[in-house]
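Shown below, as structure tokens, is a lone chain in the form predicted alone; questions about how it binds or moves come after it.
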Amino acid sequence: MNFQQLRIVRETVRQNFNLTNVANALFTSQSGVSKHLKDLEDELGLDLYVRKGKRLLGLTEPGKEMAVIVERILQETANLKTLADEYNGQDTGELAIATTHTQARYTLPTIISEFRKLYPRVHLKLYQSGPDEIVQLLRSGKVDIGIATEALDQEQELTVFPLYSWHHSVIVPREHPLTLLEKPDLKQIASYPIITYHEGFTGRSKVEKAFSQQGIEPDIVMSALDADVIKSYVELGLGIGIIASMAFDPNRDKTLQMLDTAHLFDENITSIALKKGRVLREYVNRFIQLCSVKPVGGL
């Protein structure tokens, strides 16, 4: 039994038992992958995979238990390396963060700026991803930290804690009819075409829930992944926008106006997530502390 066999076992699960993808991910050959798996089964005296001809369809019952153990072994191996790196180079290394566009654009810049002053020799890798992809990046160990509003708290493999709360707000071109209303309601808002986030991003479900609870079907004419795109099309007069409140900057968005509509939508919680059992470098803990004490947009 060797570490390459264990890595292949883990990767077969990650790649949904597609051996071509496993070989590509580990920079080896498909025949080599197949041989390593067969050798491991022979050594253990167990059938670990459900097969149909040469294809792997899934894990057998002992294979499922083995996969859990393999993940734990490889995690602890990574922890040993992290421990060594911590003592050999306190202020050098890499910090990988996966987050959504909204967080990367509006929440993290000041935090990252402060972090860089503290750790100028730490290389930062920022992955802008959807919530589901952020979960996968955390589970695979590709990133140290995940920050998002959706999906994180549904995963048992992750440790998740809240960072800050926020609400959606409506944005309109200046001198739009809605600006004449002190506090427009959802019915008045729904009388105009709406541009907002894609499903599954930046609290879109809370927007839909607000209208649904009042029996209103809004005319969502366009959706986008990030607030900058939404604001651009609102400026063109294609509709009014519903965005995260922290994504509006009156100094930059001079042609737009944000309405007082936070009371119409449920609160959203942006959370930070870490993979359970993973040893963290000191600078990773420091980054989390910076996030906790400087919640941009927090209410």
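Just count from 1 along the sequence shown to find any residue number. The structure presented is a predicted model; accordingly, all values stated were derived computationally and were not measured.
Note that the form predicted in complex with the DNA isn't included here; everything after this is about it.
With the DNA omitted here, the record of contacts in the model of the complex names 30-38 of 30-38, 235-243, 269-277, 250-258, defined by a heavy atom within 4.5 Å. Taking 13, 25, 19, 288 one by one, only a single residue has any non-hydrogen atom within 4.5 Å of the DNA in the model of the complex, and it is 19.
Contact check for residue 56: a non-hydrogen atom falls within 4.5 Å of the DNA in the model of the complex.
Using a 4.5 angstroms threshold between heavy atoms, residue 51 counts as touching the DNA in the model of the complex. Residue contact with the DNA in the model of the complex: residue 4 places a heavy atom within 4.5 Å of it.
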